[in-house]
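Each of the two blocks below gives one form of the same protein chain as structure tokens; they are labelled structure 1 and structure 2.
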Structure 1
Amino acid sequence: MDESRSEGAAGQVTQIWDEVLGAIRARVGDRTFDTWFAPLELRAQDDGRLELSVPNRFFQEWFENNYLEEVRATVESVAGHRVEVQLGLADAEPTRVRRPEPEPSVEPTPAPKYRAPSGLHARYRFDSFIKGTSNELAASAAHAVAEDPGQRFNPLFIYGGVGLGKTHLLHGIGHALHARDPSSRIAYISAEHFMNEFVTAVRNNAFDAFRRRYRDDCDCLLVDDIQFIAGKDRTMDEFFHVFNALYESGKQIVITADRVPKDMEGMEARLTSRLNWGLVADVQAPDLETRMAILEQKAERDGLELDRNVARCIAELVDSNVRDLEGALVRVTAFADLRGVPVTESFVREALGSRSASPDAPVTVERIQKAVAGHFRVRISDLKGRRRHQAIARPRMIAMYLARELSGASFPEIGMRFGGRDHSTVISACRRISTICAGDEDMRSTVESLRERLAGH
């Protein structure tokens, strides 16, 4: 009796998994699906838990950074309840399967004794950050701040495009401060989380705890992607008070953003001026030499042999930002591994070059925004902006959905390109559009025709 019951449960989960795969294939397209989802194997399941195996470590890392959230969200919406999704290596014992972290971006610390301050990514430390002319000022200022918090550059404001190392530096400061003085109280928070916590605190009458956390019991405040709170009046106001309280007591404040303070539309003038009080430092796209150094470091860290010419070849082909560069290395390695061939220059050219030559070539997020804005006669700035009117919110969600499907960009990156939204916002937009498409012929054909126009270009 017990047996038939467990068989029933297993069957149910397998069914869920098939349905999940179907939904994902429809969303990401055959090419992405075949590369990243077909190799997954459903290894085990029990109540509310799925265990998947992946072919290798590179695959696992890439998958965790780019698709795991999507799988979790889809499993949950198909199952209709919470299901834990775990990834493990195909040849590992099931007991070695890694449990998912509560916060997807936070990895276990490499050194067993080291405990990073909460929210800090163990890998984002100064010693793994490659300096080059593109980031020299920001990196030196970050070091200076960690040496001498609250003294020289306060606030330190680091800005630049997506994937150029702002978050890495910000976490690096946190680690270095912690190493220097483990008792110093470091608060790292994205501006979006700051807003969410603030709103929740107000709603739950828990404002005292919020205030203690960010004003009284805080020696260093690290805020990522501040552009997010532009236009959010009450949050800006609260942040203004937090800033003043910390600043006046000589506490260090470090802030990142995707642009300089004065270009942040909707940011209060009194806040903008404070953001300029200390040092404003930029990060730029790295030059070839820096890109090669980054690749070589990453290869070494992952225990991967990387020929210098191969590194040069990847660095030449991928010049946009460091995140893409790391992605390219992972992609090349995973492809080679799946096919069982060595990573050579010609293999790199094939693996990365074919990406832009194929009919499935990624369409840029910008082109998608332009096409969607044109179709619905809204402005591109509206797609990136904050207005929630349906005439704008719908096109915005459609654009995010198409960006996910056609551009190959990750959820966090799409969020950044839509005015600095959080990845969870993008995930829920994609889900909304899938759901609407499933039940609404008009929506389906609108999305279909946009997709054809973009992909068939």
Structure 2
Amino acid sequence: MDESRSEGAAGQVTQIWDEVLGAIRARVGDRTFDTWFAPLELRAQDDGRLELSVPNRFFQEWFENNYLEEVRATVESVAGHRVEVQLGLADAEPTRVRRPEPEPSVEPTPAPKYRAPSGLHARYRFDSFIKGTSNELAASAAHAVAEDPGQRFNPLFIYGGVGLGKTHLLHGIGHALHARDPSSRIAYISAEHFMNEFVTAVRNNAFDAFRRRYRDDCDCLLVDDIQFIAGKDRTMDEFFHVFNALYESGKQIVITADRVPKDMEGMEARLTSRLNWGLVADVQAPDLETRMAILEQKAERDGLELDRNVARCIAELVDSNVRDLEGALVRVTAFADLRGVPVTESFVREALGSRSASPDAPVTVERIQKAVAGHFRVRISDLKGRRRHQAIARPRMIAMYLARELSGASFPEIGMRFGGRDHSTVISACRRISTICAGDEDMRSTVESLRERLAGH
């Protein structure tokens, strides 16, 4: 590419990024924008990729957990095609495309015979899982499954709320089984991914390969969030046959969900029965001592000096789940680093005052649906239904937008709470409301009013 074309492409990318920042500022407000988006810098780009720099790793972790998905969605909306957004530290070298090195004349090293299971998070291992009274049964059962797969607890069904450690245990089982027997064929997959793979296999006439992967070439099946296939008849039927094939072959099956099998509306009775065949174990919100241990472990892992009184202060303010707890530590550390002040108990209360736990009135998807339905004088069942009249469709999109903003729920989870919609529908609704708010003062005022009421300001 000649110099003029290269400069033109760079200018176009910069223009796209400026438009993205403008859209985000209009949606999140000046205060949030100045804290979390103004420090970002566009540092590298090529076809289909943007690389942004952040000031420090604590900022990076908080941003990845809370805003990165929104940035990706906004970039793709502005650019009109898929764009990968990556974060890097400001003092690190930008990622560059490297040309292939010439092949050495010596004999190449043979490729390893067995590969680690794909999809497993490197951090989610048994040795980083804090066991307490709230998760003792599930954790002990997970260890037992890893030591003796297919024998003691099969299937193992772990259920509990968001961010309580279900996925951590699932990944821990996968890592432990691979360490125990590298030749073991372990398949980790979310229920939504399983459904999408199945649909694609049917559409492309590739069902034989799909069947081999999950019925024949699998020694252990780890499935996250099985509740997402409830009501999907063909997917439930296929999973039923996968379950039977593995179970009859003595293969281990581990499944997580946000509720017990009998409470999954739309789940087939025959599948519900099989999910209850083994051990059903729950994980609950951690107690104070466990929350403090989680914070201290994360601080040690990230190289932080965390005073025990500060850890207790954070643990007392945030008692909902592990994900919120770790996010609170990142938030406090990032704010302190940006302001150049020490982390003290008073600073923690200042940083987390508006985010402290509220057991009596948490900002749940259900609470958001109730507030929006009341404001617009529609029924909650209408928000979950299929009617597309604007009097229903716009409140529904606002409710989805606020659910993503305030509840911390994922796009797929929000979709399921709104009548089993696909996650892409939720993403589209969030983009639509963000765009309308940028140019419609009445809409922006309505959304802000609902947000403040829900947040308790």
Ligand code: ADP
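Residue indices: 1-based, along structure 1. Whichever C-alpha set is largest while still superposing within 1.5 Å between the two forms counts as the rigid core. These figures come from a predicted structure and were not determined experimentally.
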Eyeball the pair and call it: which is the form predicted on its own? 2
Rigid core fitted, then: does Arg212 show a CA shift of 2 angstroms or greater between structure 1 and structure 2? no
Take the rigid core as the frame of reference and indicate whether the C-alpha of Val83 shifts by 2 Å or more between structure 1 and structure 2. yes
Superposing on the rigid core, I want to see if Val20 changes position between structure 1 and structure 2 - specifically a Cα shift of 2 Å or more. no
In Å, how far apart are the CA positions of Ser449 between structure 1 and structure 2 with the rigid core superposed? 6.8
Core-superposed C-alpha displacement of His389 between structure 1 and structure 2, in angstrom, equals 9.3
